[in-house]
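Here you'll find one protein chain in two forms, each presented separately as structure tokens under the names structure 1 and structure 2.
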Structure 1
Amino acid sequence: MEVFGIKTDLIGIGDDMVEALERGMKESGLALEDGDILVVSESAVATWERRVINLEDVKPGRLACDLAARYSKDPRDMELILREADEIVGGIPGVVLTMNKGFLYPNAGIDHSNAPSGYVVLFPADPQRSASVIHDRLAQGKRIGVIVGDSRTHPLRLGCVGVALGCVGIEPVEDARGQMDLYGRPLMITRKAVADNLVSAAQIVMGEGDEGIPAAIIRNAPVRVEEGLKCEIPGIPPNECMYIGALRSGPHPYTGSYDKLIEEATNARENAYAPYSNFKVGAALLGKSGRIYSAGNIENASSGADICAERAAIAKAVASGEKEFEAVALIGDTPTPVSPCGICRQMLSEFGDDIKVIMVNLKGDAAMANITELLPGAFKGSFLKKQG
């Protein structure tokens, strides 16, 4: 296997990166051949896609300022992180760990390096699509693979390794289960991250700094390159990931993606019937269909008959034929974001492990958590033996 770096002129905002690669290849006497795999860095792709932001144009909101203080970050960076990320898993001073579109990365993949001064480079809009576009423009009848690559650190390891964000022409993950180990035992869980490994190989020649080598050609890799093969990079659901499973242990900061749901919960709180406790709660449940079901708590002179807002909302949804949910927002007048009671956690767990719970108080403090974080080890229907 051989790896050739492609040196190019500096790719500026909106410059045609593919043209720059073609020029770079020509100048170094390189040309793509059948079976070659081209690895392109995500920062070059994002710059080409104009995913570059002038920090002076970013006006941080209240949430961004609060989180910036908590994680010792520039509020403008935090504002961009909130716009980009689906979830902030946690953080340490200077960096937050975020999730977006199934990828886990620091600071939502927002990069200060390799960006003009005062600017930052965002994560490419759709790396899988970008890989396709690059492939279609460069293949010209040749059977080639294209990978958009990035770098990541592994927990407790110093230094970055390669990770593929999008690829065409190769199978990104090879299933080696069933193959025998050295002692003739079948491998049980081994899958080879072929695309990630190829990005690591390419990064040895690409570098991360001022080398001006945003891409590399890998030749004679022991990998099948197939015409027209388009595979999404496979991930694993957060609740099956050992790192996320070990990290997630309760509420984390709200990232601002469910403001409408919070508004509906706030409105529903007005209709709560709570003459005994005077503690009104509002809940709004977002179904996978996109419909929202909201309710307030409903109390009773016989307090055991009280129904919490969340369960009233679930009853409304299920009665309307909806049983799959993305998220629930709840609001109450509490010093810190209101937290659902145990019975409501159990009842939400019935309808999925991935339901996001957004917890808010009247001051606007907000937190979010996955239902499995709020009720680890919930009692599940699968525990019940089916009666014949």
Structure 2
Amino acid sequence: MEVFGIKTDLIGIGDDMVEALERGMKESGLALEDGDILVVSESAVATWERRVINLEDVKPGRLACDLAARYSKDPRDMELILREADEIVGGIPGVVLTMNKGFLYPNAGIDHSNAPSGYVVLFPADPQRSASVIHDRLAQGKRIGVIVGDSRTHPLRLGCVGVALGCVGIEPVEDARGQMDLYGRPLMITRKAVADNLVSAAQIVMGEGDEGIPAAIIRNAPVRVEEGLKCEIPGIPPNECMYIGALRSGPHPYTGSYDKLIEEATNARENAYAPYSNFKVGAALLGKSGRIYSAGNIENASSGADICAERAAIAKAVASGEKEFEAVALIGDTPTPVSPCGICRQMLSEFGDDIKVIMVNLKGDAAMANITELLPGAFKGSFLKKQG
């Protein structure tokens, strides 16, 4: 297998990246051949897609400022992370770990390197589509593969390896299950990350700094290249990932989208009945219908008759005929975001494992988790069904 780097002029906003690659190949005496695989860096693709942002144009909101202080980030970076990320998983000083378009990425894939001073390069908007466009413009009757690639770190390992974001012409993952190992035992779970491995090979030539090599040709790879094959990069749900599944347990930083629900919970708290503890809690439950059911907690001289705000809201919703819910917000006067008690967690889990719980205190601190993160292994009605 051979790897040839394609050196180009600096690709700027508005430049035609494909033309730059064609010039680079011509100047290096390279030409694509049948069976070749072209790997192109995501930063070049994102610049080509005009995904370059001037930080001076970014106005961070309150949530971005709060999270920036927590994670030691520039508030403008944090604002972009909130806009780009599907979910914030957590973070350490200087780095926010996010889910973005099915990938686990630090800082939502936003990159300061290979960007002009004062600018950042966002994650490509549609790497699969860009791979298809590059393929269609460069193939010219030849059977080639194209991969848009990036780099990432592995848990507990120093250094970066390659990851494919979009590809055309090859199967990105090869299923090796059923193949025999050296001792004649069938492989049970092995799948080969072919596209990721090819990106890693290309990055040895392409580099990460000022090499000026945004793409590479891989020739004679032991991979079948098929004309017209367009495959999305396969992923797995976070709850099926052995790393995320083993380590993940909420709550996580609140990232917006449920401000109205928090407002309704705040209003409901004002009507809470708590003459004994004076600990008032408000809850607002969002049904799948879009309706909101809010309530405050209700105390009783006989404390066993107390009703938490969350359960009061659930009772209100069920009495109204609604039994499917998207999210619940609750607010209380606590040092950190108020958390539902065990009984309320059990009650919420009765109506779905994916209900989002937004927890807030009066200072405006907020966190969120889904109910399975707050109550893993909940007792379910299915346990009560007779077997056989």
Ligand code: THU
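When a residue number appears, read it as a position in the sequence of structure 1, where counting begins at 1. Under this definition, the rigid core comprises the largest set of C-alpha atoms superposing within 1.5 Å between the forms. Only a predicted model underlies this, so the values are computations on that prediction, with no experimental measurement involved.
Q: Since only one of the two is the form predicted on its own, can you say which one?
A: Answer 2, the form predicted on its own.
Q: Once the core is superposed between structures 1 and 2, does residue 17 show a C-alpha displacement of at least 2 Å?
A: No; that C-alpha moves by less than 2 Å between structures 1 and 2.
Q: Do you see a C-alpha shift of 2 Å or more at residue 337 between structures 1 and 2, with the core held fixed?
A: Yes, its C-alpha moves 2 Å or more.
Q: Core superposed first: is there a CA shift of 2 Å or greater at residue 140 between structures 1 and 2?
A: No, because once the rigid core is superposed, the C-alpha of residue 140 moves less than 2 Å between structures 1 and 2.
Q: What is the magnitude, in angstrom, of the C-alpha shift at residue 271 between structures 1 and 2 when the rigid core serves as the superposition reference?
A: Rounded to one decimal, the shift is 10.9 Å.
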